[in-house]
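Just one chain follows, in the form predicted alone, and it is written as structure tokens.
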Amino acid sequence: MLLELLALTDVRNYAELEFTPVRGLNLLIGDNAQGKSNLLEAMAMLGTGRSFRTTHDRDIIRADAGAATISGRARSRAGTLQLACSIARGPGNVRKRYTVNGGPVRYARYLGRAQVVTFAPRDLDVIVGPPSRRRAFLNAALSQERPAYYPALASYTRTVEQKRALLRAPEPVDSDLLAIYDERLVRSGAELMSGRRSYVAVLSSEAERAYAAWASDGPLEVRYAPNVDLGPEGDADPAEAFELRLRAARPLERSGRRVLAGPHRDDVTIRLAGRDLSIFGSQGQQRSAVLALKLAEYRVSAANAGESPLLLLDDVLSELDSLRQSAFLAGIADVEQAFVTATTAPPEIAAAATYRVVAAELNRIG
């Protein structure tokens, strides 16, 4: 996948912009608060329809503007792809619209048309943050990769909320309705667990390989930790195992008025040399591990889709020593197209198209 054109209208601090990146490495340099991260955010939204920096869509619209539009042209193995995502202010909320090759589509049909892998400083939370951050990492990757995953995730999330409301209602719990909710949870939850199990197994080996190329203090281990017992080998049927888990949890769920069982409580364990990286890892090790996960995500996506996603790396080199910087840059030297932001151009980068970003102005300097 190659991004050939990015066009912005009233996006963050950009009133108007047309950017024609090149194949290979595109380096965006400049001081803070000039618009480097805003560009990567827009590219990511072109692929996912959502920001990796905020959950409030109105933040993306430039101050005093009524709407923001992100559009672009990409070339994939299927041909040229025209994508657009627009956000408009409304009374009390915002409206989002998506188009593919000029025609409007629902979000589920937009997602995954142009796959992207992003890194931002907040992604360190994948290591040190709560389980919800690791689930979000899996959900973001799998929603782009597997067409059935996002609909299953949306259905599962909706049913968990319905079941939670039922358990918290003051009236006696309707057992028939509870059974219906549990049946729906099993159906969609099994899809989530199956996808996560197979994905993490492949991701783990790629992440271990990537980390080992940069440092010798490994190995890096990534393991799926499901809330539902999938057996000693982890290969039990997810639907059958989930049904058993729900039956066992039912008395506690009723008495506690909480939804206790299911993949909304999954986790991923990340260890370095056998020790919990969130507790025993240095900041450099934790950052390197996140980068290894992101590069593994890129490799897995490229292998599964038959073409490379866009690689978007925001402030990726800060807090890495010079040896890890050099090793990481060598590791992405062969990617089809990548975008890296930095305050200054690292001396290790060669053969990169370099752009200076100043007050939402973009100029190529190398």
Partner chain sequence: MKDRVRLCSRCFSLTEEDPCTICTDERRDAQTICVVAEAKDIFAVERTSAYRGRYHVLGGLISPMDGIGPAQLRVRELLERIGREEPREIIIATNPNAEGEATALYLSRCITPSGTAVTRLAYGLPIGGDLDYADEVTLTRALEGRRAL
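Values in this document were obtained by computation on a predicted structure and should not be read as measured data. Positions refer to the first chain, counted from 1.
Keep in mind the form predicted together with the partner chain is missing from the figure; the text below concerns it.
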query: Residues 162, 176 and 180 all lining the partner chain in the model of the complex, heavy atom within 4.5 Å; finding: yes
query: One stretch from 282-290, 67-75, 141-149, 262-270 that, in the model of the complex, holds residues within 4.5 Å of the partner chain by heavy atom; finding: 141-149
query: The single option of 184, 209, 133, 96 touching the partner chain in the model of the complex, heavy atom within 4.5 Å; finding: 184
query: The unique member of 124, 239, 166, 230 whose heavy atoms fall within 4.5 Å of the partner chain in the model of the complex; finding: 166
query: Contact test in the model of the complex: residue 254 vs the partner chain, heavy atoms, 4.5 Å; finding: no
query: Residue contact check: residue 158 to the partner chain in the model of the complex, 4.5 Å heavy atom; finding: yes
query: In the model of the complex, residue 89 touching the partner chain (heavy atom, 4.5 Å); finding: no
query: 4.5 angstroms heavy atom contact with the partner chain in the model of the complex for residue 275; finding: no
